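First comes one chain, alone, set out as structure tokens in the form predicted on its own.
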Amino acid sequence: METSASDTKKPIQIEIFPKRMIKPDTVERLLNKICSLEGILRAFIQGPRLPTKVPFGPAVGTPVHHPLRTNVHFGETEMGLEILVGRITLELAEKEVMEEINVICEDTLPCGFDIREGRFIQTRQTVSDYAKRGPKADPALYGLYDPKSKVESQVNFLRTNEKE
């Protein structure tokens, strides 16, 4: 997404930062409510990774069966949750959606939370994006680079353009 000086409709980025880590069932309810809103361009969830194997110690290599490592369903998408969600970043088309998101968070999150406005996701292609995806990468993927995973396992498209 290239921007020019005449582009006055820049997307707004917000970050939902709960006071505690969110359990998978709460994440599922929150994402379902957020996905039902119009005006969400991109969403990005972050948190500490839940390991699949013990990384060190006497039990190194043993599988870890973490109870919070489950699948979540939102919209028509099913995604394996490989992290403990601690932060949700959203890119919005307009500021009016922020009020609706605040109401959704108050209803859904069992703990306190902060909503911050700022720039949390890159809007231009980074060097890491270029190295991972090449010069003709999809602008919706800018800034969503994770060096430890494959694109298929980290990106889920909820809505696609009807042109495609």
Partner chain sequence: MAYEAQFYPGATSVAENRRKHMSGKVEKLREISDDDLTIILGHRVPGTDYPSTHPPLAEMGEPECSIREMVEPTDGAKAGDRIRYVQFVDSMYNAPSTPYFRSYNAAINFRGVDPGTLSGRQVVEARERDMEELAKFQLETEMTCPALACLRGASVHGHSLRLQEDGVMFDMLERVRLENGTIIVQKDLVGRPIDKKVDLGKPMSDEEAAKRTTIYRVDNVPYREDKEVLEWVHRIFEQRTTYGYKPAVQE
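Since we're looking at a predicted model, the values are computed, not measured. Positions refer to the first chain, counted from 1.
Below, we refer to the form predicted in complex with its partner chain, which is not included among the displayed structures.
> At the 4.5 Å heavy atom threshold, is Lys10 in contact with its partner chain in the predicted bound form?
No, Lys10 stays farther than 4.5 Å from its partner chain in the predicted bound form.
> May I ask you to check whether Leu37 falls inside a 4.5 Å heavy atom distance of its partner chain in the predicted bound form?
No.
> Test of understanding: in the predicted bound form, would Lys95 fall inside 4.5 Å of its partner chain by heavy atoms?
Lys95 lies outside the contact set for its partner chain.
> Considering only heavy atoms, tell me if Arg124 and its partner chain come within 4.5 Å of each other in the predicted bound form.
Close contact is absent here: in the predicted bound form, Arg124 is far from its partner chain, nothing within 4.5 Å, heavy atoms only.
> Given that the partner is absent here, state which listed stretch (49 to 57, 129 to 137, 99 to 107, 116 to 124) has heavy atoms within 4.5 Å of its partner chain in the predicted bound form.
Careful reading of the contacts points to 49 to 57.
> Counting only non-hydrogen atoms and a 4.5 Å cut-off, give the residues of 73 to 106 close to its partner chain in the predicted bound form.
Residues within 4.5 Å: Leu84, Gly86, Arg87.
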